[in-house]
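This document starts with one chain, in the form predicted alone, laid out as structure tokens.
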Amino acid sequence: MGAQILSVSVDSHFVHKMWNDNELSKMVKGGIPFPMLSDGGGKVGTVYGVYDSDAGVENRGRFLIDPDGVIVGFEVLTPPVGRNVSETIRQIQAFQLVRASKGTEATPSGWKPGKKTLKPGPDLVGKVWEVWKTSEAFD
């Protein structure tokens, strides 16, 4: 997909290795296929607003950053709730489509590749519901 994935946590690289070797490699063949970076002290987490200094942990944050370095999407969850990888992939595909179209297309809620997109402009104002109603975006 042309995306770079980084995992960052306050855990040391030793903890990451043990977690990968003893847990993740049993769930993902060969272990996690992207770098796991250590943010001891939570400096990176503080910049992104996910570091909880009282608990010394970082909440689970997912940040989609475009090729220009702009955060275009993010989600922050507290530790007991897991993320949805399928939704992350869908959002990356949507952002890539919108970027490639140079803003001439937008994706409705629940859009998936191959489904109808929106054409932003004056003709769409007040008619999004019509497109939404007839869209197969939710199938």
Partner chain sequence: MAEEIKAGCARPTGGPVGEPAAALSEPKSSVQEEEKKAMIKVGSKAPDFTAPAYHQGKFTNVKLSDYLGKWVVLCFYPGDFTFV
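Since the model is a prediction, treat every value here as computed from it, not as a measurement. Numbering follows the first chain given and starts at 1.
The form predicted together with its partner chain exists for this protein as well; it is not shown, and the discussion that follows is about that form.
Within this chain, residue 44 lines the site of its partner chain in the model of the complex, having a heavy atom no more than 4.5 Å away. Heavy atoms of residue 83 reach within 4.5 Å of its partner chain in the model of the complex, making it an interface residue. At the 4.5 Å threshold, heavy atoms of residue 92 reach its partner chain in the model of the complex. Contact annotation for residue 68: at least one heavy atom lies within 4.5 Å of its partner chain in the model of the complex. Residues from 100-124 do not approach its partner chain in the model of the complex: none has a non-hydrogen atom within 4.5 Å of it.
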